[in-house]
Every structure is written in C-alpha cells, then in structure tokens.
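Given as structure tokens, the chain that follows is alone and in the form predicted on its own.
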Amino acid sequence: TPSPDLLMARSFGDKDLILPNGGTPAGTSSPASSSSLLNRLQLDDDIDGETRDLFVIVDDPKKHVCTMETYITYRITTKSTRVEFDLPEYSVRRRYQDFDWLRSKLEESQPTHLIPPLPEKFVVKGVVDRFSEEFVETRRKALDKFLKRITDHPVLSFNEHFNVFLTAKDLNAYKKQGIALLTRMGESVKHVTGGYKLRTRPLEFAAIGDYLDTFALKLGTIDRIAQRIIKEEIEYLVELREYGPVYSTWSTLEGELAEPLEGVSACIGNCSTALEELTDDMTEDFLPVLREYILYSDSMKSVLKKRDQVQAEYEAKLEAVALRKEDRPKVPADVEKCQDRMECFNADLKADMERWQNNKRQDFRQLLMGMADKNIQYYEKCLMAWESIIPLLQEKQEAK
C-alpha cells in the first residue's frame, strides 16, 4: 500500500506542499537555547541500531592544470570489513567524470533500482567560478553524499562497478571495457515494448508518479523563491556595509555624539556580519538539498518509466499468446520470465521508494530545523547588537 506521503499527494491540488519536520509539538515548551534544537535532533537520528561494514569519505580536493584542461580531483577513502574487498582500506583520487561513469554503470547494471543523483556538471559561465573554494567545497559535499547514498543501499553497495570505483588505481582501464553481460538487461528494457502503449499503471505506481510531479513542482518553486530571497539579502548586505561607515564618519564631526554614533556604526557592522553568515548558510546548506531532491525526483521518474516499459512488454506478450489459435495449456516460458521481471521491478521500486521517503523525511527535518536554528541565531545576534548600545545612549541622556 502507498505510504501516507503518497496518499497525501493526491489531495495537494493548488495547496502548498507540507514537508515533514521535527518541530516542537503543540503544548510543549521550546528548548532553552536554539543550539539545543540541533543537539536534540542529532540524538534522535543517531539511534538507528545499524551495524555498518563500509565507510566512504570524499575529501582533499586538488586542482590539476594540464596543457589541454584544468580539473579538480577528490580523494576517496574507503574502509570496509567486507570479503569483496581485498584490503581493509583504500585511497584513490577521482574527478567528476569518474563519478558520472559510476552512475551510468549503476543505471545499466541495476535498472530496477533508484540511483542517487549527481550534482549538475555544468555551471553558467561568468556566474559561478567552478574552481572557487566555495564551489569546490559545495561539490565535494554533494559527491560525498552521493557515495554515502550508494554505501547505505543494500544492493547498490555490492555492485561490482562500485567496488572498482572505490579500489582501482587506474579507472581508465575499466572505462574502456564494453558493456558486460550483467548490464545488458538495462539496455534491453529500452527496446522491449516495440511501440506498445501501456494500458494503465497500477494505482500505487500512479500515486508515486503524481506525488513526484507535485513534489518536484513545489520544490522548484521553493528553490526559485529562496534564490530570490538570498539575492535580496545580498543586496541588503551591500547597503548595510555602506550604511554603517556613514555613522563612523559623522562621529568625527561631533563632540558629545561621537561615542553613540560609533556605537551605532559598530552595531550595524555586527548585523552585517550576522546577515553574511545567514546568507552563506542558505547558499551552502539549504539550496543544495533542494536541488538534490529535485534531481532525485527526476531519477525516480526515470526508474518508474523503465518499470512501465517492463509492464508494457509483459502485456504485449500476453496479447500475443491470446491471439494464437493453437491451444496452449501452459503459459510460455518467456511470458513467465517477463512476469517475474516485472514483479522484481515492482518490489525493488517500492523498496527504494520507501527508503527514499525515509531519507527525505530525515533530510528535510534536519534542513528545516537547521534553517530555523540559523535564523534564530541571526536575530539573536542583531538583537544583542542593538541592545548593546542602549546603555550608551542612556548614559548620554542622564549626563544632560
């Protein structure tokens, strides 16, 4: 049966998408400090009871300047106790196109499973410097999350191509190899229907499709609005940085007002610093998660389309059998195999959808809690800055 999130998708209409979060229930007191929100959240999330036997970390980005191109590589450190690995620890360097190769291989060899998305490769020229520290760090985090998604998957983490990606010193030798026998199922799925049109999706998969359409639409709207808000915050920050020094310059012309004016200038400076931190957090932590889940919904739609192709093949074979004149007491073996493949596809897709929903709840819970915490910190810093100059102003008033 569909999860509550899937059923909820049918009643969205024009209403805003309500994303799950771990806010304080009604009727309970809020935590004493904003930082305790995240502390409490992390304590809740750490209690999963899972025993991990594979750990992967992406770090240490390095810039390589060659005659023909300039690119970034990342160090990938793997530690595992699995028998599939000859050594307990590996360290290799990979560039973005290697990650792209891995994802393509996973799509070919595991067509029934949801493959996590990669961050987009291309950047609009002149808008973002893809070799800047900020961009490289944002991409490193995204690539690290990509590998951790695969590591946590009970099937993808055992894929032979993933093993090669984590352990091979020279990945180019594997890239030159043709499509292995294991990968041909993914290629065949694309050509099995022969133009046959699917009759109807089962209700649970139709609900998944409707939910993904609504989810991507709402997240896209949130992403666009968030980017506009960040742009306005940056413009406001520019104004604040010009606004504060005016009071400092003015103070040089005044006698009794010099100290209060300097205080106002320092207060605006503190507010500027707090706003800059908030904007950086939104850009580096909030927007990437939104974008990842927009891409995630596209990946899920792709798997759903492959499932429909397998169902269409099964229906086409059934019709072909029904049109034959000779009496066949048993269903042909190829039809049974196709039915088995469709049932396998259904089971894998439903399991991955449930896993994706669980990850989504946790990620958005942490995202929204973090956003609330950062906003609280920002307004607390601004409040402290303005409250700090009140005694100074009161002293001047009493002196009069």
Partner chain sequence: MTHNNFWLKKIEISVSEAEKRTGRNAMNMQETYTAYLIETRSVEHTDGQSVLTDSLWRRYSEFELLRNYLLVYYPHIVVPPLPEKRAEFVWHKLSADNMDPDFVERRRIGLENFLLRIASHPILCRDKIFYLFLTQEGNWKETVNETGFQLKADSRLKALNATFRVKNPDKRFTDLKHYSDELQSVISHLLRVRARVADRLYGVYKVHGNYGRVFSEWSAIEKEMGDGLQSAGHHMDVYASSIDDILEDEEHYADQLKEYLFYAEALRAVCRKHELMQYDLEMAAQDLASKKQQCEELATGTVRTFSLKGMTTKLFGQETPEQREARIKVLEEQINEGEQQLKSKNLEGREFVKNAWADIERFKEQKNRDLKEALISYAVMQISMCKKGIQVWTNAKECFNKM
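Numbering follows the first chain given and starts at 1. Just so you know, these numbers come straight off a predicted model, no measurement behind them.
Beyond the structure shown, there is the form predicted in complex with its partner chain, which is absent from this document and is the topic of what follows.
K.L.:
So which of 154-162, 101-109, 294-302, 218-226 is the stretch with heavy atoms within 4.5 Å of its partner chain in the predicted bound form?
P.N.:
Looking at the other structure, the answer is 218-226.
K.L.:
Using heavy atoms and a 4.5 Å cut-off, decide whether Tyr236, Leu240 and Leu253 all contact its partner chain in the predicted bound form.
P.N.:
Verified in the predicted bound form; spot residues all in contact, yes.
K.L.:
Of the residues Met342, Ala372, Leu54, Val335, which one places a heavy atom within 4.5 Å of its partner chain in the predicted bound form?
P.N.:
Partner contact (heavy atom, 4.5 Å) among the options: Ala372.
K.L.:
Going by a heavy atom distance of 4.5 Å, is Tyr211 a contact of its partner chain in the predicted bound form?
P.N.:
Output for Tyr211 is yes: heavy atoms within 4.5 Å of its partner chain.
K.L.:
In the predicted bound form, does Asn346 have a heavy atom within 4.5 Å of its partner chain?
P.N.:
Looking in the predicted bound form, residue contacts with its partner chain do not include Asn346, since no heavy atom lies within 4.5 Å.
K.L.:
Give a yes/no on whether Thr249 approaches its partner chain to within 4.5 Å in the predicted bound form, heavy atoms considered.
P.N.:
Yes, Thr249 is a contact residue.
K.L.:
Is Phe286 close enough to touch its partner chain in the predicted bound form, meaning at least one heavy atom pair within 4.5 Å?
P.N.:
Looking in the predicted bound form, residue contacts with its partner chain include Phe286, since a heavy atom lies within 4.5 Å.
K.L.:
For 358-383: residues with a non-hydrogen atom within 4.5 angstroms of its partner chain in the predicted bound form?
P.N.:
Going through 358-383 in order - heavy atoms within 4.5 Å of its partner chain in the predicted bound form - the hits are Lys360, Arg361, Phe364, Arg365, Leu368, Met369, Met371, Ala372, Asp373, Asn375, Ile376, Tyr379, Glu380, Cys382, Leu383.
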